[in-house]
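In structure tokens, one chain follows: the form predicted alone.
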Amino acid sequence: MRFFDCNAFFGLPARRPLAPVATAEALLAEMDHAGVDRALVWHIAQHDVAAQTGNRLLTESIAAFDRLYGCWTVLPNHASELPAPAVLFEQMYKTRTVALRAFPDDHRFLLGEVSMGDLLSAMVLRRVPLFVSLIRGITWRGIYDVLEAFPELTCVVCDHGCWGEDRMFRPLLERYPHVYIDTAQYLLDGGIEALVSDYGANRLLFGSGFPESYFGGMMMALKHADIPLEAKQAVAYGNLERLIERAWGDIVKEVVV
């Protein structure tokens, strides 16, 4: 099986993770050891230092490695901290950046219409995925609020854990057609099988959460899940490939035009 990880970072955080990797090269070495083909990655400085600094470090670090795709951090732009949406998407196209992340609680803003309506609306039109993490920078209430305001937003919920979290994310899967769940921290016995049975394989993305957990845990869980092979392949790499190609195509068309 091929694996395309939707949820991995590198850099040395203030809070030491399980298996820290300082550089993109070190991350790739760990991917090779585990058997992960590609990854959508971010740099911890995007969270711990500043979005602008972290985005730059990420872009510089992965430029030489076509197996790594970038995921920038975004902020409200009333103080002109980041480029306007049209310029931002053009820069994404030039740097193999295919998704965006937000850490509203940790970066002290509200993720919604008032603070970020221009960017979120543009993301909906271009089908650019927004990644959010329950262990870093957002709560379930924040996720519910932004999806209520932007029901067509492509949103990937990461690091949700295993203790009763189905009660939080299953209503979102049922109401919002472009919500996806990653596998990182989802250690529930029979959880993958139940999700695929109830919602199909296309709403679940392989994510390791590396370096806060090892690649191999969720790889093994997916390989041995009692679901059809085509469902495993969709979760392992196909779903993320589809999301990236969809957003990438829209960005390319806009830049070319």
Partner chain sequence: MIGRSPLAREFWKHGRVAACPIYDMHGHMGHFHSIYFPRADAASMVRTMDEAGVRLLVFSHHAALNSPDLANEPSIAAVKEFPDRLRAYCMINPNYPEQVARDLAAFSNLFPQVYVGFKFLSDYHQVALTDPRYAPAWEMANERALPVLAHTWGGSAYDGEAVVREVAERYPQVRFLLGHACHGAWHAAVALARDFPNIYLELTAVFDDRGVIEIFVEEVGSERILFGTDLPWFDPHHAIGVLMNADISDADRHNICHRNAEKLLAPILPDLIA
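For the two forms, the rigid core is made up of the largest set of C-alpha atoms that agree within 1.5 Å on superposition. Values in this document were obtained by computation on a predicted structure and should not be read as measured data. Numbering follows the first chain given and starts at 1.
Keep in mind that the form predicted in complex with its partner chain is missing from the display, and what follows is about it.
By the 4.5 Å heavy atom rule, the three marked residues 51, 54 and 85 all fail to count as contacting its partner chain in the model of the complex. Note on the interface: of 147-155, 67-75, 164-172, 90-98, the segment with non-hydrogen atoms within 4.5 angstroms of its partner chain in the model of the complex is 164-172.
In the model of the complex, residue 230 stays away from its partner chain, with no heavy atom inside 4.5 Å. Proximity of residue 61 to its partner chain in the model of the complex falls outside the 4.5 Å heavy atom cutoff.
Looking at residue 219, you'd find a heavy atom of it within 4.5 angstroms of its partner chain in the model of the complex.
Taking non-hydrogen atoms only, residue 35 approaches its partner chain to within 4.5 angstroms in the model of the complex. Along 128-149, a non-hydrogen atom within 4.5 Å of its partner chain in the model of the complex is carried by no residue at all.
Taking the rigid core as fixed, one finds a CA shift for residue 18 of 2 Å or more between this form and the one not shown.
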